[in-house]
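The chain below stands alone, shown as structure tokens; this is the form predicted alone.
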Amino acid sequence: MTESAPLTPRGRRTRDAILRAAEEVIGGRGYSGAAIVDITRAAGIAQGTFYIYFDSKEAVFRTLVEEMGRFTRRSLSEATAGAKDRLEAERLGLRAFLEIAATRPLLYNIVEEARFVAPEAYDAYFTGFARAYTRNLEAAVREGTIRAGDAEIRAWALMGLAVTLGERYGQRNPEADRDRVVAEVFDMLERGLRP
């Protein structure tokens, strides 16, 4: 399974058109319900052109999972860049993640389907996030902005919370009041559940 990186602007536009079409087709129909001919039709290209860039449906699928990881990390980094401390970064990051889930639901579907279609890509997606998240939480402990604890467990717990909330209040309910969701979550994170 290979992917060919285009060298020209036209080639990059064609590859991007294939990826956007694959996001629409695979994200909307599911991996097993999508065919390369459907992707090429949606991209407005000849079927043979697909194979210049990707050698299989699985290759384009894996690329979409990787793209979602890059897009999400970039979006979260931009959203949290001005945060004064880790808790504010968490708040801003959750809000941004809910927005991604609401505005890119088909790509979100693809990442979730990767659990079954490409488990190693799914694992790489989440373990990559968890490693970076763990480092950020450890740095916040050193800076004194959060209390000490097992940063890896906390990273996975916070990621699980975001993924579930993203599905419920982003992907499946794009009109949800995401600010209210974030406020409720942070009331719980900052104050706990005790009365």
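In this text, the rigid core denotes the largest set of C-alpha atoms whose superposition between the two forms falls within 1.5 Å. Computed from a predicted model, the values in this text were never measured in an experiment. Numbers for residues come from their place in the sequence shown, where the first is 1.
What follows is about the form predicted together with another copy of the chain, which we do not show.
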At 4.5 Å by heavy atoms, is each residue in D38, E66 and E99 next to another copy of the chain in the model of the complex? no
At the 4.5 Å heavy atom threshold, is I153 in contact with another copy of the chain in the model of the complex? yes
Heavy atom to heavy atom, is A46 within 4.5 Å of another copy of the chain in the model of the complex? no
Using a 4.5 Å heavy atom cut-off, state whether T72 contacts another copy of the chain in the model of the complex. no
Does any heavy atom of L165 come within 4.5 Å of a heavy atom of another copy of the chain in the model of the complex? yes
Hey, which residues along 94-128 are within 4.5 angstroms of another copy of the chain in the model of the complex, non-hydrogen atoms only? N109, E112, E113, R115, F116, Y122, D123, T127
Using a rigid core alignment, state whether the CA of G144 is displaced by 2 Å or more between the shown form and the other one. yes
